[in-house]
Every structure is written in structure tokens, then in C-alpha cells.
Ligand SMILES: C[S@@+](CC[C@H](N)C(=O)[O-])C[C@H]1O[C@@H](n2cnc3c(N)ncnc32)[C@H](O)[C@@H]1O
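Only one chain is included here, represented as C-alpha cells and corresponding to the form predicted on its own.
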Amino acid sequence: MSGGREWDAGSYHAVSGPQLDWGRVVLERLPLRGDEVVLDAGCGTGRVTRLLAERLRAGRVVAVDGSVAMVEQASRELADLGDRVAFIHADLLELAVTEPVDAVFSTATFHWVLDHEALFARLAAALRPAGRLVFQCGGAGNLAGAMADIARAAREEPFAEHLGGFVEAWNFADPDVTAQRLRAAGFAEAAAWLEPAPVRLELGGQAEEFLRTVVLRLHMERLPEDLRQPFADASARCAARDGVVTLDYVRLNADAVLGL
């Protein structure tokens, strides 16, 4: 993951089933012989990275994440893969590779990067000519309904004094704009599209933990420790319908090939 802030990597590893499911599907879009070097941009705790490595029996993965905790967790989880996976702690906007990679793959990360023009330029610089970029992240309209419910919880006391003026720090981009940005960065072929991917979580533990760890991560930073779980609980109650919280995820997919 990225975004210039730390994560609770252990909790994320435990609740990231939806991200693993998305990653498995996105990985099917990446054509591989099995001997390539592939950059995993925002490897998180390594759950999807392992799936990628399994397709690179004669190749290797360069796994990058902006969170120290995520890199440390991933390196432990994937220790059995040895030198087939190399780990780098780096902000994606400052990433520099020692040699170009054959492909860049990413899931559930790029919406944490606010400057997509700079991001795509940096990834293009990491790729060999005709290298491929395949990614998925939050897109336009992502979590709009859930965020409206969470905003209602944020207006309640004792949360309101800490969350007043909360500014969303993510980039849920439009597919047409994304394709234009990719072409401007040097990708000769670029296609982008949106895909609804709702996630349903049961109230009473599952929903609260996922919200606290993933959706409300930036809210948690503004709250004192003793209010973090109560706010996750209040947000889940506001979002629940018949005991189920439905998170209205919208995924932005893109496939691109760098020009020669």
C-alpha cells in the first residue's frame, strides 16, 4: 500500500479477503511466460504478491510498498520464496529501480496516491519498452454511499470535535481521465474502465474491524486511541441495513503498454 502513512499490517492481513479476491481476478489479466521480472506496486502484506510469484517460477517479483509495517509483514509471510521476491520500502512517487522491469502490477493501491500524472510517469520510467502495466484501484464513485453513512457518524459526539473538517485524502479517478494520463506518460496503448464490486460484511465484529483497519484508516489518525473502536462501531451501525454493512466499492481497472 502507499499514501505516505503507516498501516496496521497485522490487522490488514487478517481482514483483506476482498482485496485478495480482487487481486486474483486482476492478475488473470496480466499475460506472463513465467520468466519475467514484475514490479508489485503496493504489495501490502504479500497475499497477492504470493499469487504473482506462483506465476513466475523462472522469474522474480520486486515488491514495493510505502509502509514499513507492510514490507516487514510481507517479508515474513513470503520468506519461503527466498530471492524470488525482493522487497523495497519506497514511496511510489519516488521509486527508482536499478534495471527496467518487464511489467508492473498493482491492486488496491493507486487511489492512495494523489498525483496520478507523476505516478504513471514514474512507473513508465521503471518499465522496459513495450512493458505492460496492469492495475486496479478505487475509481470514481468508490464508497460514496458508505462515506455518506460514515459522515453521519462523524457528526456525532464525541467524534465531531476531532473529525470536523475531515478532508478525503484519496484519488478515485475517472477512467477516461486515467487513460489520458497513461497516454501522456508514454503508454501507447491504454484502456481503463470502472467495475462495481460491493463487499457485504456482517455487523458485530466483521464489519467493524474492516472499517477500522481499511475504510476509516485516515479517520483513525485524527481520533484519540480510546475513540477509535467506538467510531468504527458507530460507523458500522450507521451503514448497516438488516445487520449487514454493504460497502459500495467501485474499482478502476486499467491495462496499458509502454511505447517503444
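Residue numbers run from 1 along the displayed sequence. Only a predicted model underlies this, so the values are computations on that prediction, with no experimental measurement involved.
What comes next is about the form predicted together with this ligand, which does not appear here.
In the predicted complex, Phe87 stays away from this ligand, with no heavy atom inside 4.5 Å. When contacts are judged by a 4.5 Å heavy atom cut-off, Ala74 does not count as touching this ligand in the predicted complex.
None of the heavy atoms of Phe159 is located within 4.5 Å of this ligand in the predicted complex. Taking the partner from elsewhere, Asp102 is found to have every heavy atom lying beyond 4.5 Å of this ligand in the predicted complex.
Comment: 104-112 is the region of 150-158, 167-175, 74-82, 104-112 lying near this ligand in the predicted complex, near meaning a non-hydrogen atom within 4.5 Å. Of the residues given (Cys137, Leu92, Leu133, Leu182), Leu92 alone sits with a heavy atom within 4.5 Å of this ligand in the predicted complex.
Residues of 55-86 placing a heavy atom within 4.5 Å of this ligand in the predicted complex, in sequence order: Asp65, Gly66, Ser67, Met70.
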